[in-house]
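Before any questions on how it binds or moves, here is one chain, the form predicted alone, in structure tokens.
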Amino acid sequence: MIDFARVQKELQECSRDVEASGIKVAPKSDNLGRLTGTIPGPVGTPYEGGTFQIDITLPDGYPFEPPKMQFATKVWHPNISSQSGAICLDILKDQWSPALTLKTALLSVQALLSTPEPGDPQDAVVAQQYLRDYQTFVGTARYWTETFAKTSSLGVEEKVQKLVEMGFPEALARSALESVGGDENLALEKLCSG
């Protein structure tokens, strides 16, 4: 059984220092077993300036079992699947400890963005590019960050209007945008996937 009291405590802890860390965790709905984490791209990396959403599912054994995390925002990185967003990180597998929290796990994911491990890849194609043609890797990673991880400077109304012009009902467009924190691309993906 998930320790919901602990999860609520962790959520409060995260919201207390969100200004300093930039890391947020929020429930997807009223079910505390499904959460959305948000991490800023680390400075000095191709991910700088991006805001990355991570889907978090807590197993029944949490905190004795690791949370299941995967990127909802598309990212070009050797240890993250460019297709599914799956993350290759030891603390999300066999190195998990109940002493760790959702915030420390997200900090570790953020650190992984800074220090890829191409020798233990989740995405072999990206890892090969990283090892053989680093400049192209950096350019692609930066392009993906610009395309998928930057919330445009458009206001909410303009984003809703753009989605309505694409043929989506206004109420649906608005709720899709709200559910993904205003990210136009994620909202469009959500609307298209039904």
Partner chain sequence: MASEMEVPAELSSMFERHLRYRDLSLLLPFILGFTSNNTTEQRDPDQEAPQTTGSNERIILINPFTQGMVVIEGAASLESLLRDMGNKNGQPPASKASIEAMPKVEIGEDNKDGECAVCLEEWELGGAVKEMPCKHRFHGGCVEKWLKIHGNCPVCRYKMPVDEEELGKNIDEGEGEGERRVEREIWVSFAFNGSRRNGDSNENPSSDSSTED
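Residue numbers count along the first chain shown, from 1. Source: prediction; values computed, not measured.
Below, we turn to the form predicted together with its partner chain, even though it does not appear here.
Look at 21-29, 182-190, 166-174, 5-13: in the model of the complex, residues with non-hydrogen atoms within 4.5 angstroms of its partner chain sit in 5-13. For the chain shown alone, residue 99 is a contact residue for its partner chain in the model of the complex, at least one non-hydrogen atom being within 4.5 angstroms. In the model of the complex, residue 41 stays away from its partner chain, with no heavy atom inside 4.5 Å. Of the heavy atoms in residue 121, some are within 4.5 Å of its partner chain in the model of the complex. In the model of the complex, at least one heavy atom of residue 88 sits within 4.5 Å of its partner chain.
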